[in-house]
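A single chain, nothing else alongside it, follows as structure tokens in the form predicted on its own.
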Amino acid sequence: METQGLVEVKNLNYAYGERKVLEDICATFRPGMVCGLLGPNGSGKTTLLKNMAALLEADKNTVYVNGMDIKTLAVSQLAKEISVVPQNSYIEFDFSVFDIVMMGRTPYIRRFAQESSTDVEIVQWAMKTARIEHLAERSIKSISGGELQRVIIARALAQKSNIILLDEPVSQLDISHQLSIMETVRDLAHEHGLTIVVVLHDLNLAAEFCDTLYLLKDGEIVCGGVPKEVLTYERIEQVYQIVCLVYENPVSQKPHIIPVHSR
């Protein structure tokens, strides 16, 4: 069976000390699709993402990537399977955009070795795909927040993994950059066949750009499915404790949520 790009989470539990954060999480993320993780602050979205990326110590036999238990994968091998776009992308040193994107090739370059012509070609492809090739020689300190987010996505693309995990990639951007980033994310899944998992707070962005959604509350999955199944006013009230109106967007036929008041 073809499993390239498949991520499976099976009965995952996780706690920070005595505080349980995830409980019995079961979820599947497939190639060619954007899956959104939604839920209030503290619902476990980022913790789930970090378990999938092995940034936290998941139990054995709970997270599988391409049919392999991530507990059995070396760090370098896992880096070839999964790329991560973190919530905070602060870069301390004054590198060029090209150099930052080249860092995505680290799992493929031997220690003390120089990048190859293949590495350079892949970095150029990643920058073009993320629409930042015109920034290649710019200092990372001289670009905008939206441009920086694209650089970090390009770095993830340069890893040539089939799975990209993004943690709130648009939360600090203006609406134009939010739409632009989410359009790129959708294209990566639909046109390049990547598996995309993205943590979002904006329900309308999630409805428009995600193929499937998981809605979390208090460390548990309340429901999962396509946006029309998940983003009902009953579910939103249950999870977010707000009263809202849910209409069908006349252009996209996706749900559109209008908050009315907190409950």
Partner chain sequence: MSSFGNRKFIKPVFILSILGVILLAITSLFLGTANIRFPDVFRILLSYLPGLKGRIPLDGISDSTISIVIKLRLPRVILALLSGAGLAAVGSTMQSLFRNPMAEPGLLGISSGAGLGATIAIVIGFGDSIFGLGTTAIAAFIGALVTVLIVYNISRTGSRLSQTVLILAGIAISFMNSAVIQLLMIFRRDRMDYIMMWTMGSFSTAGWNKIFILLPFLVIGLTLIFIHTRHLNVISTGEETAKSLGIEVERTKKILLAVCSVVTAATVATSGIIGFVGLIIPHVLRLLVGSDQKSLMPFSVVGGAAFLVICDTLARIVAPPAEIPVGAITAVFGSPFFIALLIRSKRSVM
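Positions refer to the first chain, counted from 1. Quick caveat: nothing in here was measured; it's all calculated off a predicted structure.
The next section is about a form of this same protein that is not shown, the form predicted together with the partner chain.
Does each of K50, Y90 and I100 have at least one heavy atom within 4.5 Å of the partner chain in the model of the complex? Contact check passed for all of K50, Y90 and I100.
Within 4.5 Å, heavy atoms only, one stretch in 168-176, 181-189, 155-163, 123-131 touches the partner chain in the model of the complex. Which? Going by heavy atoms within 4.5 Å, the stretch is 155-163.
Although the partner isn't part of this model, could you tell me whether Q114 comes within 4.5 Å of the partner chain in the model of the complex, counting any heavy atom of the residue? Yes, contact at 4.5 Å.
Might E57 be said to contact the partner chain in the model of the complex, defining contact as any heavy atom within 4.5 Å? Contact check for E57: yes, within 4.5 Å of the partner chain in the model of the complex.
Report whether the minimum heavy atom distance between A79 and the partner chain in the model of the complex is within 4.5 Å. A79: contacts the partner chain in the model of the complex.
Mark G146 yes when one of its heavy atoms lies within 4.5 Å of a heavy atom of the partner chain in the model of the complex, and no otherwise. Flag for G146 set to no.
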